[in-house]
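A single chain comes next, written as structure tokens; it is the form predicted alone.
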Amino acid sequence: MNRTGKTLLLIGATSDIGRATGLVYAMAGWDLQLAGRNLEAVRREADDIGTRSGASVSVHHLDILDTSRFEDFCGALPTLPDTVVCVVGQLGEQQRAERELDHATQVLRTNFEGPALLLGLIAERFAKRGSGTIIGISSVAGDRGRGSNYVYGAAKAGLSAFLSGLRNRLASAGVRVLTVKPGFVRTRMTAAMKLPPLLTAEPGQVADAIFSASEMKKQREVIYVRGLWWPIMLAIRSIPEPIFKRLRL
């Protein structure tokens, strides 16, 4: 049951963060539009969320790499949502990206090109209406290029810059643009990694941060889910380049 009269479009609905985010909004009384590449998996998520929350949930096919279909995707939505959250991402493998152009291309397009172009289209519709909230999931990896993951980091840096520019342009149009940087998150994507507990969030914590940011009008527009990341990344950005190169991060 829609207790708020609001609708969320969730892009990347079958990811761990996407699943948690959809449930948080549904439990708060929002209707959902779930989008993803694997329509069968999206339907399973829709059934689960709908059963738990009683929310109205529609499903929509979207391949974030098929940019030629974005206009049709937006036009086919049953209603223009109040908020869009894009949690699409692919960590990829840095060493493989150094060797294989196709893999590097996929990482760059999945994390930057596709999300930026789609959110840009939706932003134009929000601006024409005069309201809406756009939330993009970026990464602390984009705050400064590091040798260990600079292809992924470059893509996320591009998304952060795009969201910043969009936020600046639409500031007077009634459209909010938020950038969320989760840091390490315990998901399927990071299952093989040894993660530092103090800097690692659970998907539910990221979902709560996204929802809180969208509901609190005065909150920061760039949100680090774990507060420790803000001073850490400030320090990392401040390291002189000759020293930074010797750190082998």
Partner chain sequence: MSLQGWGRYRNYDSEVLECLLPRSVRTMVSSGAGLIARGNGRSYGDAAVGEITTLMCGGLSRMKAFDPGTGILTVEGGTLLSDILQAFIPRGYFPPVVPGTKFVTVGGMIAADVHGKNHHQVGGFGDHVTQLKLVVASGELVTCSRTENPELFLATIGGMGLTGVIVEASFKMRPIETGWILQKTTVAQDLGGALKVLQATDELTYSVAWIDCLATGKSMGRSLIFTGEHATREQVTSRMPQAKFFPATMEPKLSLPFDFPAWILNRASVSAFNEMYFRAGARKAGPPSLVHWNPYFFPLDGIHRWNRLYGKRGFLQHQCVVPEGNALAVLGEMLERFVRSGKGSFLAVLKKLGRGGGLISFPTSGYTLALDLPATADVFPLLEEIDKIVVHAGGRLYLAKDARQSRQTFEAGYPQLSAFKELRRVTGADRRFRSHLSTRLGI
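Please read these numbers as outputs of a predicted model, since none were measured by experiment. Numbering follows the first chain given and starts at 1.
A second form of this protein, the form predicted in complex with the partner chain, is not displayed here; the remarks below concern that form.
- Query: 61 to 69, 39 to 47, 178 to 186, 207 to 215: which one contacts the partner chain in the predicted bound form at 4.5 Å, heavy atom to heavy atom?
  - Reply: Selected stretch: 39 to 47.
- Message: Can you tell me if Leu195 lies within 4.5 angstroms of the partner chain in the predicted bound form, counting non-hydrogen atoms only?
- Response: Taking the distances in the predicted bound form, the answer for Leu195 is no, it never comes within 4.5 Å of the partner chain.
- Quick one: is Gly54 in contact with the partner chain in the predicted bound form, heavy atoms, 4.5 Å cut-off? Yes, Gly54 is a contact residue.
- Message: How about Met27 - does it come within 4.5 Å of the partner chain in the predicted bound form, if we only consider non-hydrogen atoms?
- Response: Met27: contacts the partner chain in the predicted bound form.
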